[in-house]
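Just one chain is shown here, as structure tokens, and it is the form predicted alone.
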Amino acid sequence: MTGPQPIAKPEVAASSDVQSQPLLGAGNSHVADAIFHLAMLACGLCVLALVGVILYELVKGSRLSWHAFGLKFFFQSEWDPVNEQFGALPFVYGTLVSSFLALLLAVPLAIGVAVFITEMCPRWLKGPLAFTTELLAAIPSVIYGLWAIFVLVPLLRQYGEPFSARYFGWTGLFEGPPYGIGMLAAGIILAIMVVPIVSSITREVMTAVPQQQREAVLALGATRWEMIRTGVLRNARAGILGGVILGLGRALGETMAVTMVIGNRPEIAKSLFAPGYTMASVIANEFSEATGDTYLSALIEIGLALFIVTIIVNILAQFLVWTVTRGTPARSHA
């Protein structure tokens, strides 16, 4: 009498053999890795090549102006296309004044927004407020320019500039007829555009400060303000400075919004009510009208100077931000 027969297991050898088979052979895998590596390397080199081509074309196009005027091109104030006499000093002055005025207005507001969102904001408000702040960076510059023309300029002409002239005219910075259009309007619109950049970088570097640093300062009996000032802002100051410089890079290169409200007159004036010109604005306004070769070369040389300054400013800003974050991903704190 035979006992119970063992139940035969289903044949799975074939399926297991299929699963154990590699999708690609060893040789094919090495070839695929090599192709992928070369493709990614080509993508990276394309960016460097693009920057190199832009720099080459700017240097090539500005050669005539460089030979005609040399370094004195950036220290002369005369801009006379008829007689082919060109000097970029008014444009350099307008770019620097409008940019630094923008930083003077934007940096305190941006840092305050970043501190509130990172350290003091309720959870239900943190997301919408951060999103709204970053949304300002996504608005096209021409929209800022239109808003400035129809809202900001009338407010400055009726209220802002008369008030400034009445109480601060003795400084010499707020004198002259209140037209509304001028260096002050350009600085304010640039400040609005710089706020989201500085605020975003400041939040990133503040978030990179370890939570233990905050707890240690509070454990020593510090107030909340002292904790933020000594435990967070002091440790993040290099990164915050990098964010400020990055915002400066945005202000230096902004074109459309500034062109619409600065007045576009190549002059150097002490008063912020006076119209001015920036390096980006003169290229946008006059490039299509440049008929002579020297005229066109002078505009390209201004573009070359702006390109080099912008690259240097951005490299410095990225380095300062890196010194704080060190590649650390952002972390949220309660």
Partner chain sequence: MPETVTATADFAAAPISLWRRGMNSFATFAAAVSVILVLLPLGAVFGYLVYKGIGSINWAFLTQTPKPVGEAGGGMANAIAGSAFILLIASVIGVPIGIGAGIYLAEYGRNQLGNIIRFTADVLNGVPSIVIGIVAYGIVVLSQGHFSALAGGVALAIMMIPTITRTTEEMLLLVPNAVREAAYGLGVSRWRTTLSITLRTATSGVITGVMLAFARVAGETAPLLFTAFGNQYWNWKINQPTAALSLQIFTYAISPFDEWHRQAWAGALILIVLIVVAVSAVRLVAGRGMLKGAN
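Numbering follows the first chain given and starts at 1. These numbers come from a predicted model, not from an experiment.
Another form, the form predicted together with the partner chain, is not on view; read the next lines as being about it.
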item	value
Exercise: residue 133 in contact with the partner chain in the predicted bound form, heavy atom 4.5 Å	yes
4.5 angstroms heavy atom contact with the partner chain in the predicted bound form for residue 104	no
4.5 Å heavy atom contact, residue 272 to the partner chain in the predicted bound form	no
Close approach of residue 268 to the partner chain in the predicted bound form, 4.5 Å, heavy atom	no
Non-hydrogen atom within 4.5 Å of the partner chain in the predicted bound form for each of 64, 89 and 171	no
Heavy atom within 4.5 Å of the partner chain in the predicted bound form - the one residue of 97, 192, 241, 233 that qualifies	192
One stretch from 67-75, 251-259, 80-88, 156-164 that, in the predicted bound form, holds residues within 4.5 Å of the partner chain by heavy atom	251-259
Residues of 98-134 having any heavy atom within 4.5 Å of the partner chain in the predicted bound form, listed in sequence order	109, 112, 113, 116, 120, 127, 129, 131, 132, 133, 134
